[in-house]
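Shown below, as structure tokens, is a lone chain in the form predicted on its own; questions about how it binds or moves come after it.
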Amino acid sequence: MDGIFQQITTTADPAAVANYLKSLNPKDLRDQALASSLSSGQDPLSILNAPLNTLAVLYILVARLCVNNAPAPPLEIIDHFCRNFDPEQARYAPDRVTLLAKSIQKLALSQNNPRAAIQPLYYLVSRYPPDSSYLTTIHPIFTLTCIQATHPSAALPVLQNPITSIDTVLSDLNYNDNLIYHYTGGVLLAMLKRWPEAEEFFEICATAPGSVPAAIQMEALKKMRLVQLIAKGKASPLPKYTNQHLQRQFKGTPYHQFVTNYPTNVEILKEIINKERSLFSSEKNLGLLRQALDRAPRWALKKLTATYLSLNLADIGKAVKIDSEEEVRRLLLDMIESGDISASIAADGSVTFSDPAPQFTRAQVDAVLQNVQDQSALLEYLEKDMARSKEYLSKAVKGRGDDLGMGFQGPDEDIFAHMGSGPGGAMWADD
């Protein structure tokens, strides 16, 4: 260890330090040396400075966390490093960063305290990439840890940043990292009842291009459908580029039966839940199904507003399968207050429906306009960035040549014909 320590502390160039540490062979002996103390008995971590010696501290931490029988560093030391490391130095060793994130998660779980991993992982995931638009291998580790810790709100600062950049040099990403991040992100957002955002995350996972749908994509599709029922009362059409095998597989599940009978056939919905309870429970979807069932009368009532101008409380109760007129009244008042419907209830129990008058504040209009401008600027940047890609240009030119002899492809097909399929059949553990 003394020789390694001398080399890494006397070399100022981070690239040279990275090359030196990578070149040490065999790797297992290198890591054993890095996990040990100096011959003087001093702990190198007590001497090294995290911002100045980021690569050295990173390699030592990973070695101590991964080498068998090595004393694991306290979480306080790991947390201090994650707060203070130099991101530019760390990017010379993306594999070590990934190992550090996995090891932090593993250490916290071994101590039966997954929450202890959230803060250091948050510092890693927010400080390591050049900006918050990049997906890294740390992202799915962080979101999965938040699920294990039952602490969904801790993930919000990360989940609120849209992913628009991928760099496999920055992070040793694979196809499943994107799927796992957006699936676990959707789970966390659903736990917070942030239904529109949860739906978006599940959709990104379920519709990711691939030759064969992954198991996690089917789980994402199931949860997405349930979230749509809770939030909107109906399932929305899937994008054209969604894998056809995935859609056919979904139609063979009891979830499809539930969606088909929602929201009016309440007794059938209850039968489906009772019959498939063990399956729904094992797939961690029973809670979402119960929430959807609880909101079924709400959406059945909303459907009535598209057909009738006026009904009495008793007729509404029959239509939405609620026996008590007082309960129907409470439901109506709640829906009126939340803005789901526009209606008035007369003293004799008659209900008159009307189209809600659009109401927008100046602040809401300004916010929408600003969002449009931001999205337009982002789209323009992404188009210019794509236009600089040699791989994209070469494939686009080749595709144009193929079109001359093979006919015209639609825009969706043309885009996704040039995207990698990835190992779509990989499995992922239940949430």
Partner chain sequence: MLPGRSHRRQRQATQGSQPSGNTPDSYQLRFPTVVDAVSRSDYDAVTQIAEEIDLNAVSDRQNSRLLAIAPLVLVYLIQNQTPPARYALARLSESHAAHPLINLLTSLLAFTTTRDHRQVYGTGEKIVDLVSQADFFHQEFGLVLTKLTTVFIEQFRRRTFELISKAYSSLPRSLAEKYLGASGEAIVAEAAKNGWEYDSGAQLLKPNASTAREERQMSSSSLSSFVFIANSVGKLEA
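These numbers come from a predicted model, not from an experiment. Positions refer to the first chain, counted from 1. We call the rigid core whatever largest set of C-alpha positions still superposes within 1.5 Å between the two forms.
Separately, the form predicted in complex with the partner chain exists; it is not shown, and the next lines address it.
Engineer: A343: heavy atom within 4.5 Å of the partner chain in the predicted bound form?
Structural biologist: Within the cut-off, so yes.
Engineer: In the predicted bound form, is there a heavy atom of the partner chain that lies within 4.5 Å of any heavy atom of S39, even though the partner is absent here?
Structural biologist: Close contact is absent here: in the predicted bound form, S39 is far from the partner chain, nothing within 4.5 Å, heavy atoms only.
Engineer: Does at least one non-hydrogen atom of Q375 fall within 4.5 angstroms of the partner chain in the predicted bound form?
Structural biologist: The answer is no: Q375 has no heavy atom within 4.5 Å of the partner chain.
Engineer: At the 4.5 Å heavy atom threshold, is E76 in contact with the partner chain in the predicted bound form?
Structural biologist: Although the partner chain is absent here, E76 would touch it in the predicted bound form, with heavy atoms inside 4.5 Å.
Engineer: Exactly one of A235, I336, A231, L304 has a non-hydrogen atom within 4.5 Å of the partner chain in the predicted bound form; which residue is it?
Structural biologist: Selected residue: I336.
Engineer: To verify the annotation, which of these, T207, N261, Q119, S165, has a non-hydrogen atom within 4.5 Å of the partner chain in the predicted bound form?
Structural biologist: The option sitting close enough to the partner is Q119.
Engineer: Select, from the options 219-227, 142-150, 168-176, 294-302, the stretch whose residues sit within 4.5 angstroms of the partner chain in the predicted bound form by heavy atom distance.
Structural biologist: This holds for exactly one stretch, 142-150.
Engineer: Relative to the partner chain in the predicted bound form, which residues of 296-334 have a heavy atom no more than 4.5 Å away?
Structural biologist: Stretch hits, in order: E326, R329, R330, L333.
Engineer: Taking the rigid core as the reference frame, is the Cα of A346 displaced by 2 Å or more between this form and the one not shown?
Structural biologist: It does, since the A346 C-alpha is displaced 2 Å or more between this form and the one not shown after the core fit.
Engineer: Quick check on L313: with the core superposed, does its CA move 2 angstroms or more between this form and the one not shown?
Structural biologist: Shift at L313: 2 Å or more after core fit.
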